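Given next, in structure tokens, is a single chain: the form predicted alone.
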């Protein structure tokens, strides 16, 4: 009798947090399905993982398109099996802007990718998990979920993802499916490093409102996701887990008008 590897689906798996998460699950013996809109990068990532740490296959998909996600889910089931893990890492990251002046077309696209893309993936692959009567989903939230920031599409969208995660945790709990979210602060990806190097981000200013003196990298976020999907977290569901170098604790403390009780 042939035994199949458990299947882990990673949207936005061609780069950054998604790629680190795909690599982690492949190293743990999962058959990994990388879903991404960037075909060239996605195929290269799947090939690199397959030749290095485990098994990965690429499926072209724009998560903003409900029918495309359904089609990708059908292809994953046919080629790899039913999904037991889903990580919704696909997303767009904005620059600051005001509500009064924002580009509404770009605002709509960000919601379709970040929020509706999460819904589409959770519905398509959650239905597979219901058939298995087990599974774990981790949505990509943000520390943005916890405080207002001048990102009028991204910020409310991440708050919406946090609430969606709670709704799904209750709705799917009766099927032995856990649904959680991770809330990263700035993550030291290649993209962020390039923006720092180009003078587009002030690393000193970023670090000034964190408790720790280092930012998480994509592997740090992947490890938190791996924990939430593991048996070690078997009774954890419906939570937003900050992976934020202490940003949530430090941001109001370090910006207190009376100053901090030590010399910087």
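Just so we're clear, the structure is a prediction, and the values are computed from it rather than from any experiment. Numbering follows the first chain given and starts at 1.
Another form, the form predicted in complex with a small molecule, is not on view; read the next lines as being about it.
Put simply, of 64, 53, 196, 224 only one has a heavy atom within 4.5 Å of the small molecule in the model of the complex, and it is 64. Proximity to the small molecule in the model of the complex, defined as a heavy atom within 4.5 Å, singles out one entry of 72, 187, 153, 138, which is 187. Contact with the small molecule in the model of the complex, defined as any heavy atom within 4.5 Å, is confined among 74-82, 99-107, 171-179, 153-161 to 153-161. Shown alone here, residue 129 lies farther than 4.5 Å from the small molecule in the model of the complex, counting heavy atoms only. Taking non-hydrogen atoms only, residue 92 approaches the small molecule to within 4.5 angstroms in the model of the complex. The shortest heavy atom separation between residue 245 and the small molecule in the model of the complex exceeds 4.5 Å.
The closest heavy atom approach of residue 133 to the small molecule in the model of the complex falls outside 4.5 Å.
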